[in-house]
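For reference, the chain that follows is the form predicted alone, supplied as structure tokens.
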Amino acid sequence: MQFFILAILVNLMYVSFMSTTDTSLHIAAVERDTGIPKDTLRVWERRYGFPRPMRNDHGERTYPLDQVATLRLVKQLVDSGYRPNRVVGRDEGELRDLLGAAETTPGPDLSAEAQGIVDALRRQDLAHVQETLRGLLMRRGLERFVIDTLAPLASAIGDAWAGGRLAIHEEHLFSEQVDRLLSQAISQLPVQNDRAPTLLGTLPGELHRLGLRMVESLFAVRGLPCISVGPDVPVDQLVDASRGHQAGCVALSISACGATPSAARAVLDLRNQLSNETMLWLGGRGASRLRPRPPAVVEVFETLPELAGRLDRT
């Protein structure tokens, strides 16, 4: 009898733990995926009738995947300047039309080679992607390749994925190829081991690692030591790692989708736990969007050239 009761309890715990299914996402997962705070999702639901979540057995909101895809489009339009009352509740076709119009002027100015990479990803032409990336790196050198080619290209590919013009496996394929290429280039550069290293990572729920590798490249061309602990690292582990490696700085990459209230709280928590001698730097498309804003002692870099200039002054 006791075993039977225990089995029931374990099963209930398992069901409660699961936040996603094959067809829907829990509200916390939607916040991580889209960058839209949970409170905002609830407000939009009441005010505009969208999104339209379902309820699981525990009465918790779950969101069908097609609504999550629509929310990504809404977030992208809001970030580009549209007010929520103009876009929330519109169907996907209307949102894509608005997004297409918005992208005709402010979008990144891609070179012919970079546009060719985007087109090759759509064709599943991996050989063209690899050959073009290697050629651009060899001609421009690591820093100019990262700043002039990869930064606008990664931005365009991220927007194409958010807008449904690239599949997630195509976006991941690009990231994997770039990660391998940069890793190989970095490994061939000498490092000044007599300097305190910078610890690179991302906060919990932030799974994008490409920004970390691009930042590592800027350190590498200057011979500055850095240690990447990768994405999705709890705050206490970032603190432990910074102490263990005697890091002079902790640098975090925050994507546009990662600029959530929980990320802003984590930044404040991290700053409070780091020693006063350890600097905290933030970069990525989401760093300047954090609300509440980070404390003044936290340095925020909106672009890679800003970071490069800061490194030249160290």
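Each form is matched to the other, and the largest set of C-alpha atoms that superpose within 1.5 Å is called the rigid core. Residues carry their position along the shown sequence, with the first being 1. Values in this document were obtained by computation on a predicted structure and should not be read as measured data.
The form predicted in complex with the DNA exists for this protein as well; it is not shown, and the discussion that follows is about that form.
Visitor: State yes only if every one of 46, 55 and 261 has a non-hydrogen atom within 4.5 Å of the DNA in the predicted complex; otherwise state no.
Guide: Verified in the predicted complex; spot residues all in contact, yes.
Visitor: Pick from 84, 116, 152, 204: which residue has any heavy atom within 4.5 angstroms of the DNA in the predicted complex?
Guide: It is 84.
Visitor: Ok, 279, 268, 68, 27: which has a heavy atom sitting within 4.5 Å of the DNA in the predicted complex?
Guide: Of the candidates 279, 268, 68, 27, 27 is the one lying within 4.5 Å of the DNA in the predicted complex.
Visitor: Using a 4.5 angstroms cut-off on non-hydrogen atoms, would residue 288 count as touching the DNA in the predicted complex?
Guide: Taking the distances in the predicted complex, the answer for residue 288 is no, it never comes within 4.5 Å of the DNA.
Visitor: Residue-level contact is defined here as any heavy atom of the residue lying within 4.5 Å of the DNA in the predicted complex; does residue 273 satisfy this criterion?
Guide: No, residue 273 sits far enough from the DNA in the predicted complex that none of its heavy atoms falls within 4.5 Å.
Visitor: Can you work out whether residue 295 and the DNA are in contact in the predicted complex, taking contact to mean some heavy atom pair no more than 4.5 Å apart?
Guide: Heavy-atom contact with the DNA at 4.5 Å: absent for residue 295.
Visitor: Indicate whether the DNA has at least one heavy atom within 4.5 Å of a heavy atom of residue 37 in the predicted complex.
Guide: Yes, contact at 4.5 Å.
Visitor: Select from 55 to 69 the residues with a non-hydrogen atom within 4.5 Å of the DNA in the predicted complex and write them out in sequence order.
Guide: Counting only heavy atoms within 4.5 Å of the DNA in the predicted complex, the contacting residues of 55 to 69 are 55, 58, 59, 60, 61.
Visitor: If I superpose the two forms on their rigid core, does the C-alpha of residue 30 end up displaced by 2 Å or more between this form and the one not shown?
Guide: Yes, the C-alpha position differs by at least 2 Å between this form and the one not shown.
Visitor: Does the C-alpha of residue 269 move 2 Å or more between this form and the one not shown once the rigid core is lined up?
Guide: It does not reach a 2 Å shift.
Visitor: Is the C-alpha displacement of residue 44 equal to or greater than 2 Å between this form and the one not shown once the rigid core has been superposed?
Guide: After core superposition, the C-alpha of residue 44 moves 2 Å or more between this form and the one not shown.
Visitor: Is the CA-CA spacing of residue 79 and residue 261 tighter or wider in the predicted complex than here, given a 3 Å or more change?
Guide: Closer is correct, given that in the predicted complex the C-alpha spacing of residue 79 to residue 261 is reduced by at least 3 Å.
Visitor: If the CA atoms of residue 231 and residue 80 move by 3 Å or more in the predicted complex, do they move toward each other or away, so closer or farther than here?
Guide: They are closer; the C-alpha distance drops by 3 Å or more in the predicted complex.
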